[in-house]
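Same chain, two forms, each on its own as structure tokens: structure 1, then structure 2.
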Structure 1
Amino acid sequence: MIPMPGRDTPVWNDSEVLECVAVLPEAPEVRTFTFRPPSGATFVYRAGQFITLDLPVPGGNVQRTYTISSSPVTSAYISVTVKAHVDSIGTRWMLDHLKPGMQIKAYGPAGLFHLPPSPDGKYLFISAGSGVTPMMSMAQTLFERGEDPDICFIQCANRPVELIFRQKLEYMASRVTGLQLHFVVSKSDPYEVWTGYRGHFNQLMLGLMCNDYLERDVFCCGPEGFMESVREILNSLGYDMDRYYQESFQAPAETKAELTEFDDVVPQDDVQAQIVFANSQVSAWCSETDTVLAVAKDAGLNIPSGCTFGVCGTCKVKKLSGDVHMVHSGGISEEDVEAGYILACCSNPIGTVEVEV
């Protein structure tokens, strides 16, 4: 039996495995998985943060990062809502094999894309596809506080059937006046009348759905092309982009080039480097442009990793000596950097580097 959380219930940390307690279908190839710690510990996180799951796929474990789609107001469990794309390895394994009663290792929660500690502003949430997951957690958090939230919630999908959480959102919007819900689809479903917006999200739609967008903090999540077009729309309308926040589920192609352009140390492909994996007593020669993660993998060593572009923090390792060139996207804190930690997935060795692996 799972103990119920009480005043003295400990907070979950990732040294404890998570038990899957429920699996719910949400849309084609999309399911919500709910987890609890066997000890009954509670979860503490901010709406919008993510967790990284260690998935035992055939051929070796892989780590995948998923936003927590449930609300931190309910601290006894967390849910993730995952979509399997064509060729998916990790998410496909979850859809096909992860069942209630199974236990898996998880890392986190972490992430900088979240509501502020006292979220009492006006919000515009814009998402596409599985990018709705952080928006759901944020909207539900604001809804469950019992005060009328002020949210304009815009969700885009390919077809109506692919609008994840549609019924749940409609229920919430029917209970509070401050949640304005707008759906946009590119195509119709056969046999279902669609009376909402159709086409690709654009400037005209934004004006019709949310005429006070200039007064709102914008949270956006979806495929890179979608977020780019949202940024263009907002920029062209004179929106203050300091109030714009976004989460990428995939590595943005331009980030590394943009950041390294202004950096004084640029790793060179033709310059040799060496990584010493101290605990494993292995050392490997490589090029400066290789990442610590890739060199470890080639040497047969396992550093758990999730996003592989410096967001999730799963690949954090201690650097014992030497220098690296690290270009991360928020997956490590200043304190950890000062304490000598690096993210293996986005750190290139300069000269000889020793890490605690």
Structure 2
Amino acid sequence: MIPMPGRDTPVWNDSEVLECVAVLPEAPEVRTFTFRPPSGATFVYRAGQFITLDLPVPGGNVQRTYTISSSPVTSAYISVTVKAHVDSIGTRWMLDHLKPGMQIKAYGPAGLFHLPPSPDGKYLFISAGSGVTPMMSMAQTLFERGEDPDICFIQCANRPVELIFRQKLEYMASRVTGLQLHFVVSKSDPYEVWTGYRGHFNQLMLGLMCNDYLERDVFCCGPEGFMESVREILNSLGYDMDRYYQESFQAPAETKAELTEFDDVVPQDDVQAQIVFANSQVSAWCSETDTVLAVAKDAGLNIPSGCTFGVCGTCKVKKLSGDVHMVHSGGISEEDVEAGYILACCSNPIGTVEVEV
């Protein structure tokens, strides 16, 4: 539950400026900025919500929205953790110029991406890059409630040094039994040992990290392509997407009307498809939920295969025309996909598909 201030303690509202009281480096081009209201008012918000800062950049003020990375259990201050990108304007100004003692106009807090009022469930947090910020607020809130939480926390980054909040999360996990951490990086840092997961997050990793994912509420935040990939993984595994929640880097939702409606392709068992095996001059009707590999075997055709869940790449074949829905586990490169190749074991036909078999 969110703590309510005492009867004589005012609650902050956006008519009062916020004063920056601390700046903490977190990772390359990443800083945490902590704010307090000069009046001593307290903050009331839900873990996962955001605040909008009015930033006095050269050429005129700009408004930028940032997720609150601190926990509402500690209501005396709020923190935002921001990452500057190549084209950043407001965030770049913050990293270069915002110092303790400076005052900033702010609006909020707001947003529909947050923990429920009584967060007693089982959670799976999946984040990439600075998308970890709302997950940090949620995890810290559950940690600070004084009960052992039930969280599987998956954080993805390009390199280990870019894993924001890594040390803080590891400390929290060392104090409770119910916070399980899993880090995934694309590549290692030079001269440092990395013994965790490497590569792109995939369904095989999910099964190894969190084998009871079907029982958990999923909260996801990261770049749009990353979140789309997570949805594809969950859809392919039969997850109940009514229990899936995501936040966007670009446009956090303030009202229900602004919530994203996903237009994901989900193969249906009752929708017919057709696969044409061009070299063999064989055509077969099937369901969208059948894989190219399974249909080929039923038709008496041999496509070499190994793992059958998109890791080894043995079943790579050339798609000549049509569309497939492919959710693999790293067994094919982006270059091969762009060249028209698919993995037969994890590709579902959509409509009529022609393959070079």
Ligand SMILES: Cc1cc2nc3c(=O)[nH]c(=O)nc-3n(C[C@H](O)[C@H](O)[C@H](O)COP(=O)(O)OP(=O)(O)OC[C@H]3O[C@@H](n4cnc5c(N)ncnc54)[C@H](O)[C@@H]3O)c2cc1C
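Quick note, the numbers are simply positions in structure 1, starting from 1. A quick note: this is a predicted structure, and the numbers were derived from the prediction, not measured. So that the term is clear: the rigid core is the largest set of C-alpha atoms that superpose within 1.5 Å between two forms.
Exercise for the section: Sort out for me whether 1 or 2 is the form predicted in complex with this ligand. Expected result: Looking at both copies of the chain, structure 1 is the one that matches the description.
Problem - Shift of Leu320 between structure 1 and structure 2 at or above 2 Å (CA, core fit) - result: After core superposition, the C-alpha of Leu320 moves 2 Å or more between structure 1 and structure 2.
Problem - Cα displacement of Glu16 between structure 1 and structure 2 reaching 2 Å, rigid core superposed - result: No: Glu16 shifts by under 2 Å between structure 1 and structure 2.
Handout entry: Cα displacement of Ser69 between structure 1 and structure 2 reaching 2 Å, rigid core superposed
Key = Comparing forms between structure 1 and structure 2, the Ser69 CA shifts below 2 Å.
Practice task
Provide the displacement, in Å, of the CA of Gly300 between structure 1 and structure 2, taking the core as the superposition reference.
Solution key: It moves 69.9 Å at the C-alpha.
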